[in-house]
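Listed next as structure tokens is one chain, alone, in the form predicted alone.
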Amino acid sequence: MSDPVLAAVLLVPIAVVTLAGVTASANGALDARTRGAPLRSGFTAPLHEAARLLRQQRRTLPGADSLLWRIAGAGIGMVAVLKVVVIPFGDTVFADLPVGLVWFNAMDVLLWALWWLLGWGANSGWSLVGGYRFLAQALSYEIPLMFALTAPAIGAGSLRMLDIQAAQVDLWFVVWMPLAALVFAVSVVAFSSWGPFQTALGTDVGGGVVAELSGIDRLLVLGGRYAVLVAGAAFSVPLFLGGGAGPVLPAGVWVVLKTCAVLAGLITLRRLFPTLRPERVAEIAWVVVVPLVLVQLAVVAVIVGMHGGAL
């Protein structure tokens, strides 16, 4: 096994899990502050919950497709790790794919199947409703996300992440593609089934796709949500925020710092919005977001055309 592959196998999962845990703890601390509880109790709450779930027995259900159910639960976190392998840390990237941008979107599509199988495999009514809810929402934000991903590809004239990062030496894409960056960030939250887009796990349906999960199975899904959030935030760095560009510090450190800044923004802004019903998400996506992101693409195409090619 080559050194880069070995490093990816060892380091990427550890980094994703660590940052996901820190994000969950920070989110718990903000929740505690909102309730007026001590910040320390909120910060350590995810650790206590993880310890409790590790001691809890795994639930089995009659008629459940256990194989699909377990694959779906473990697969969410694995998809997050697969997203990170195409992210450049300066000039270093674990998997320098010529279609790295397409790879990221392909992993999002895989999430469709995993969230659905999580609801289907349990052979439970509440879980099935949660799976359908995710599909209903995913249909609304997948198209805007694809258009948002197209904008940096047009700006760089490439689908390779190193090329997209290099195209932002003089000006970050977020400056002249703000709508694409915003749509991307919202889609990252949505694919995590988190924040305003958590109806697939809604309490009104007994927990939805996690209604029947317990023990390590529940921990993998809840932790996987934060891992997907971390992977999406990290991917926004080479996509819109100039990658590892920054003074003094090494490029890899800047990638981590920018990722943390994006995560801090997401968990802070989350509290400004209520949970959205799937039909409301569809209305906003198709009536408002899709036309606006198409205008963003047109603006990018015009600017690139005026410069005679990719910037």
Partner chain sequence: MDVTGLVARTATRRVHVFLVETPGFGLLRMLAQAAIAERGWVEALGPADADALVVCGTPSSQLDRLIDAVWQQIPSPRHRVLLEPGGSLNDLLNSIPAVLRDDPRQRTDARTRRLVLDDDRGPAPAVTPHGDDAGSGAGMDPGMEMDMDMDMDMSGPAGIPLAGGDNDRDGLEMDVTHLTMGPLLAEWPADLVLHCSLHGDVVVDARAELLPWPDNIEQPPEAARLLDDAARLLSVAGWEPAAQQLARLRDDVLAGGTVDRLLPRLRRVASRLRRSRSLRWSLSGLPQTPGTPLRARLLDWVQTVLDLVDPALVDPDAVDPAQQIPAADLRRPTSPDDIRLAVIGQELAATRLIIAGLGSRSRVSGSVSHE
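Positions refer to the first chain, counted from 1. What you are looking at is a predicted structure, and each value in this text was computed from that prediction instead of being measured.
Heads up, the form predicted in complex with its partner chain isn't pictured, but that's what we're talking about next.
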Consider residue 247 of the chain shown here, and say whether it contacts its partner chain in the predicted complex, taking contact as heavy atoms within 4.5 Å. no
Does any heavy atom of residue 99 come within 4.5 Å of a heavy atom of its partner chain in the predicted complex? no
Though only this chain appears here, would residue 178 touch its partner chain in the predicted complex if you measure heavy atom gaps against 4.5 Å? no
Contact test in the predicted complex: residue 126 vs its partner chain, heavy atoms, 4.5 Å: yes
Of 37, 251, 257, 26, the only residue with a heavy atom within 4.5 Å of its partner chain in the predicted complex is 37
Any chance all of 89, 188 and 291 sit within 4.5 Å of its partner chain in the predicted complex, going by non-hydrogen atoms? no
Candidate stretches 151-159, 107-115, 80-88, 203-211, one within 4.5 Å of its partner chain in the predicted complex by heavy atom: 203-211
Residues within stretch 57-77 having a non-hydrogen atom within 4.5 Å of its partner chain in the predicted complex: 57, 59, 60, 61, 62, 63
